[in-house]
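Structure 1 and structure 2, given next as structure tokens, are two forms of the same protein chain, each shown alone.
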Structure 1
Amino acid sequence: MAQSPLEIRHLQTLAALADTGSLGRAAERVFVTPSALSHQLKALETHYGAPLFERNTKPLRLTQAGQRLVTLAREVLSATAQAEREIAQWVSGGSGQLRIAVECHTCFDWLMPAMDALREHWPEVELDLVSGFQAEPMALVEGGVADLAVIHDRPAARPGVVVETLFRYETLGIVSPRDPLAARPHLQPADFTERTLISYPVDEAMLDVVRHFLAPAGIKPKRRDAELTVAILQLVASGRGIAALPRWSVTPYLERGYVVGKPLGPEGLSCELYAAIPESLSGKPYMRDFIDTIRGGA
């Protein structure tokens, strides 16, 4: 066999494909165009003489050859990241500060494991959460109060602030198993007109379901607020209304059949989270490691 064409960028691409299950989302994660990513895959398939994933499947399914290369990718990328962390710590002493602000009630489901990983990787970095739910986290970054803000929707460019994509996620409509809507293939905006939308106590402009699904259709539902995700789900399960939440926050309840998740619209509602970072900190090794950990765990 000819010399292997595998490079670190190919391994990153393969890992992104396995994590996201989508060519488009994998391309976003590794910062290449979908056509460039497809070209990488085609070159690898030509070299190995075997397809790496099954075409026309959603989510994307890797072949046996693809799965083997993904296993290799995870091993090599993990070892590479560990070596780079150690070198960066030798050079810089591994110290720093990372104060995090969030405008997302459910973000802690994935944020806390990423913070735990950062503490393990960078024990000398002072890590903290800016107290309370933040409605304007970008202002905290600009004012020097926060070093990273987790935000919905890409904001307009601001001097001295770098914005990076974290990951894409699906917002699901959540209904009671006894609600007639549970039998529908997906929910339409009109389904919210006769039911109460149960949500966190935030301005409706901050809710994905309102901003991207209901408002464009001219629907303004009745609302009831609850502070905690489990309280929202309990109200939905008891037939008090319907909700719309990120898939990651409700998966255990869906698996138990406590509530039912439905796509919002025939194509589903896909949303994104971003990180806003002071330009002066965006290249710090511990910041890069933290961003990569979030992307890899999402």
Structure 2
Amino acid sequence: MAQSPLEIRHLQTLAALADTGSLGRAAERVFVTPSALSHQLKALETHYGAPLFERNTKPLRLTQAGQRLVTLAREVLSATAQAEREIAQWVSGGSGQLRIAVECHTCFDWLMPAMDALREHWPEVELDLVSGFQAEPMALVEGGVADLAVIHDRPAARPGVVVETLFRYETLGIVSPRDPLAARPHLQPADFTERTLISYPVDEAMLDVVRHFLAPAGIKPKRRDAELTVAILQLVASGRGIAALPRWSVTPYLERGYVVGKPLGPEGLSCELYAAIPESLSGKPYMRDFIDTIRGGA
């Protein structure tokens, strides 16, 4: 009825803006340039005759009107997603399978909630984890043993397999609060020479720190293993060495001051995660839903 220029696209923008706190990051979340969002927002603001957010404030602050639209966006987007899921289930019969291969330990932190959401939304989809820490996850997808592999580096394109980027994350150097390094603004590769690197029991080639930070600098620290994240942090906290973990897996500990997280290098070390999936499944609604959940929740 009311012909307002408001469209769902705008609501996605608003939601992304609220989530990311920055126009630039919101833009990459909805796969457009920041410019596009700037135009969108300007159009909305002139239409409503009011600003939607305060510019020039680092964690972007929304005005009352902006806030209201974000609330609307949350309602509308979740209602829409729900409706579309239902329809997709009627159409496809709701069945399917999703066997997931992961090569990184920490991934379970975000993978579990996403799997829970999938189980809830798509009860008829068979959900499995493929134990594939040793093998090349990509090969599992190619071989038809897995339906989704989480991988660190964008691999070469292979026929029948599509690769989608999931999200970008920062891996932090983790040091004890009593370590002198805790006072540094960021860590250098050289800082690792004197200490023990505490990590999961996997090949060095699998560790972000080693591949993208220490190896390029020619540094090869002593290593010590632990199976669980808490165990690693325990060792770090008691001064037995330093670790390097994705930010998401340690935020609760950082907040409690149990350990301290430092950027690796002046720019920080950020890596990207990808999903490899068989082309035949890449369009399936439950697959899209799952990937969107991962992207949104991270």
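So that the term is clear: the rigid core is the largest set of C-alpha atoms that superpose within 1.5 Å between two forms. Here the structure is a predicted model, which means the values were calculated and not measured. Structure 1's sequence is the ruler for residue numbers, which start at 1.
Where the criterion is the form predicted in complex with the DNA, structure 2 meets it and its counterpart does not.
L207 is not among the residues whose C-alpha shifts by 2 Å or more between structures 1 and 2 once the rigid core is aligned; its shift stays under 2 Å. Residue displacement note: L72 has its CA displaced by at least 2 Å between structures 1 and 2 (rigid core superposed). Once you line up the core between structures 1 and 2, the Cα of M287 stays within less than 2 Å of where it was. With both forms fitted on their core, the C-alpha atom of A16 sits 3.5 Å from where it sits in the other form; this compares the forms between structures 1 and 2. CA movement of R61 between structures 1 and 2 equals 5.3 Å, with the two forms superposed on the rigid core.
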